[in-house]
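The chain below stands alone and is given in structure tokens; this is the form predicted alone.
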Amino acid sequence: MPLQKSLKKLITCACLLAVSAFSYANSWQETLQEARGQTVYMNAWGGSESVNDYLFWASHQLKDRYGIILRHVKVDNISTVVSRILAEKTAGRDTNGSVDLVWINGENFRAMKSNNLLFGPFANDLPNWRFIDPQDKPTTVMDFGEPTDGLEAPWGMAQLVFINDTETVPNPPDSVQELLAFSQKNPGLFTYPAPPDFIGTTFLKQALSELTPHPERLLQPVSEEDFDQVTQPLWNYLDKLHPNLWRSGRTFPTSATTMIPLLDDGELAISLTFNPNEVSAAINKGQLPDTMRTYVHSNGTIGNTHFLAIPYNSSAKAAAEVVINFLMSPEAQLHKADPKVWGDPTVLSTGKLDTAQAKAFQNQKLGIATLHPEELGTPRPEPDPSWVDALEKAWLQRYR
């Protein structure tokens, strides 16, 4: 009798799982049907030729496979997009919003989440979520320390790497303190983009995390009470560094992209980027000489994940979900990770892939300037998002 009861329980559970799987598959088919014919206005940074070309490739795939039109709305700063969506909500425009999909992370995600500007949760229900392993890559579900709660889907990994020309700097600095010493001996050969450019702000966070005696404080929300005390080592450092920067620190590049030509013509010997594959991609395109390499500091550099989210008032939510699911697919992630295409590291965990898919990622040729994952080491955690605005404002007050 106990055996019969156990068998009955097993059969019942199996039936429930089968019904659940059928319902899920049926639900996704309904999403695909609803998505066909919709146009998705994707607001994303437009300052990279590689990113723009990749999204152009994706738009053709989505049109051919799913009948979806993907429009890349190129923007300089995602915070302006967040402000626009908030303005629409304030004006009562809760449907037919101007943004259907947004490339986002950090303080912009927290702002959208806290103001209830996001559709979802949806990410964990996407078919390709099965390839995500948060235990393997914790930042796929934690955005600058903020739980994603399924309101955004991971799209790519990133980590700050420094760039050196091996002909002029065969042994690059190993820390921000060594970078200061290098700049004092070789004035003009290093600089960083002016905040609020993302890379420029990341350099501030990297320097502060290395210089502060209490890095754990950066993981907590910024406080006016101790901001000056916590950040004083950073300002002392920058006061010494700036006179030795490119153009004596009187002017700063507007972005990391604008520093590529400066590296190419020898005006700079050290630079930085948040894409570990960007230098290899630039070499492949003839934008940099093959003497360029990337490196990280011995105590680690800041790393994070970037995401895709759907605004609450999107007029094409079904199509936006299909777009995101495609961009998370092994095929699209592999293509994106190719240094000749974009070189953006994948969010997928090879342990979740089938043998052929895992082998394709493992056999993908890294560029000559790209560090292997083990060489990148353990990334430093991103500070709490509240530090971004505070650091940018303080920097602008001091140096502009």
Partner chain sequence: MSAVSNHNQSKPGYTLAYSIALIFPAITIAGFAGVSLPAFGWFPALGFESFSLTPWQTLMTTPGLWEMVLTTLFVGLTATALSLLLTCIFAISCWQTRIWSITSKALAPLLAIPHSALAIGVLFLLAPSGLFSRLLAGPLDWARPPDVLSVNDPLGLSLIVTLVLKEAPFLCLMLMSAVSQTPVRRLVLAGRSLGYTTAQSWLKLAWPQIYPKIRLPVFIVLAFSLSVVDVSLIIGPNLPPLLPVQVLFWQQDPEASLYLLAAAGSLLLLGIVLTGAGMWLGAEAALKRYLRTWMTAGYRGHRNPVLVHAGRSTWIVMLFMALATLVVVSLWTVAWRWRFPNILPSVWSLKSWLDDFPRLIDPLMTTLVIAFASAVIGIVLSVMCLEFRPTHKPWKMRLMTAFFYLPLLLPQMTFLLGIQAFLVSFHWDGTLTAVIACHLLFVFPYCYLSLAGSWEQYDQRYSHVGKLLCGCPWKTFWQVKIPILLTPLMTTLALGIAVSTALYLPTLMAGAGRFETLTTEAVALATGGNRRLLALYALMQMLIPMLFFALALLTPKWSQLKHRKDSSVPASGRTPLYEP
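All values derive from a computational prediction rather than experimental measurement. Residue numbers count along the first chain shown, from 1.
Unshown form predicted in complex with its partner chain; subsequent notes refer to it.
A single residue from the set 118, 189, 104, 328 has any heavy atom within 4.5 angstroms of its partner chain in the predicted bound form; that residue is 189.
A single residue from the set 114, 236, 168, 171 has any heavy atom within 4.5 angstroms of its partner chain in the predicted bound form; that residue is 168.
Its partner chain is not shown here, and in the predicted bound form it never comes within 4.5 Å of any heavy atom of residue 322. Using a 4.5 angstroms threshold between heavy atoms, residue 127 stays clear of its partner chain in the predicted bound form.
The closest heavy atom approach of residue 135 to its partner chain in the predicted bound form falls outside 4.5 Å. When its partner chain is considered in the predicted bound form, residue 286 lines it closely, a heavy atom lying within 4.5 Å. Proximity of 72, 84 and 93 to its partner chain in the predicted bound form is complete: all three residues have a non-hydrogen atom within 4.5 angstroms. Across the options 151-159, 210-218, 95-103, 299-307, residues that bring heavy atoms within 4.5 Å of its partner chain in the predicted bound form belong to 95-103. Residues from 261-279 that approach its partner chain in the predicted bound form with a non-hydrogen atom closer than or equal to 4.5 Å are 261, 263, 264, 265, 266, 267, in the order they occur in the chain.
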